[in-house]
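Below, in structure tokens: the form predicted on its own, a single chain.
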Amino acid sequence: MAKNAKRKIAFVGSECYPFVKTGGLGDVMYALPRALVSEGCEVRVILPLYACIPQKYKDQLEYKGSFMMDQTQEGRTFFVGIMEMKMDGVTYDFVENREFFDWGNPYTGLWEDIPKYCFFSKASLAILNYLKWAPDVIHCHDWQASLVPLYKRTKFWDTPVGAAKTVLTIHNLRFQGICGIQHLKYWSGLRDDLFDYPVLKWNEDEANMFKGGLAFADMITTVSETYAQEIQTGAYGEGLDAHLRYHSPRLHGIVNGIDVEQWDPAADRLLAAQYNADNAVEQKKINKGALQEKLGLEQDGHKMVLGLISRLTDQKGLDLVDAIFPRLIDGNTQVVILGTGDPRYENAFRYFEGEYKGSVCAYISYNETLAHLIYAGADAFLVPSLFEPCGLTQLIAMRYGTVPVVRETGGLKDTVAPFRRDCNEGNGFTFDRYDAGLLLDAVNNAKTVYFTERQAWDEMVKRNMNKDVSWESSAAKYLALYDELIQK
């Protein structure tokens, strides 16, 4: 493709900030298209028109047309409406169908979600044809959009959209869209031969939507280089490791970035004091004081504050945190936790708050203002995940000059280099094996540097704030992959 040609990229996924977001997928679906537009691409994002999308966005939607589409094995027809808006140079097309998307939350249960996302995948391609907008690349995300490559090469092969190349990105391999073969056969309407082991068949009774999409996509990506290697092993492959090893020539890892306008301590109005790398050491003290006051912690600028913002689940390594928690509280350390999730962790952290009043706050909810203040006011940030495809919190923490303590897995390993005393390099503290004692060692190592080698710590704060965690370099890598595909 000519260097200056305007690439046309369609994104297909189940969520996108600010319309609907439950995790990192929503951030990527928002930030990467915007970065690609700034690189000269023409980008459309296709999303379901969920009932839960805020009314202020629904009020901005423009009706672009509608049609009936056959969907099931028996050829039942369903309404497909197209509602459109533009924001920051990106065109957003919402698939309207009340039968599938008017349930409230985006994910309601796998039995209901399978028909919903079969319909969504096929409707996304039909909409592109209806709008007479033929993309060069269709970039699909996670299992909810994984049937797009199959539909493109079967139902749509001889239509304008059939000429597009497909990219399928794995954000979290734990969720794959596994269901009964007959259930998927009926709702997808795909031909019988696709339900064999090389494509959709998972076992004698079940089909796997993600497995089929991975087999038919022109290229597979995931959200860090390390995770791309990890998912080809039995420990991380969630049963698809052999399938991914077979398709490994098409598998690439590209680490996510963050929206550096949304996450900018120099312009963040949710903070007690804005700051940049030059004045971070002093200004972060103001934010620490504001955080301590807001959460009822002892007002002491000399204490080290550990922050943790997370879904409270096993994946996030919270069993390790639970195991060592009493040893974190040493009279010089405070811990702030923000998140919701499994009751066992919610209750454990509430207990620790009661046990160590003034040193621990467990805010079992989500609060956007508090999240920003934790990133700015904490000294160190815990991300001890069991597995982490990419991780965004450690990137945001570094952007805010808060030093990450992470396990060396997935994107955490790719983005956090361990601190080295001998040459004063690195931007965090790491541990390898999934072990509570090793997490405690990493935290204690961070405490030692914080309390006894403060100059080295402050230099790390500045180094982290100057680190490029934007989407710019990641977008360039995606562009290179798109061009490689287009030229084939």
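This one's a predicted model, so the numbers in the text were calculated from it and none came from an experiment. The first residue of the sequence shown is number 1, and the count goes up from there.
If you look for the form predicted together with a small molecule, you will not find it shown, but the lines that follow are about it.
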I'd like to check something about Gly23: if you look in the predicted bound form, is any of its heavy atoms closer than or equal to 4.5 Å to a heavy atom of the small molecule? yes
Applying a 4.5 Å heavy atom distance criterion, does Arg399 contact the small molecule in the predicted bound form? no
Using 4.5 Å between non-hydrogen atoms, is Gly410 touching the small molecule in the predicted bound form? no
Does the small molecule come within 4.5 Å of any heavy atom of Tyr375 in the predicted bound form? yes
Which one of these stretches, 303-311, 212-220, 235-243, 320-328, sits within 4.5 Å of the small molecule in the predicted bound form when only heavy atoms are counted? 303-311
Since exactly one of Ile181, Ala371, Val260, Ala348 fits, which has a heavy atom within 4.5 Å of the small molecule in the predicted bound form? Ala371
Consider the chain as shown here, without its partner, and state which of Leu338, Ala228, Val80, Cys140 has a heavy atom within 4.5 Å of the small molecule in the predicted bound form. Leu338
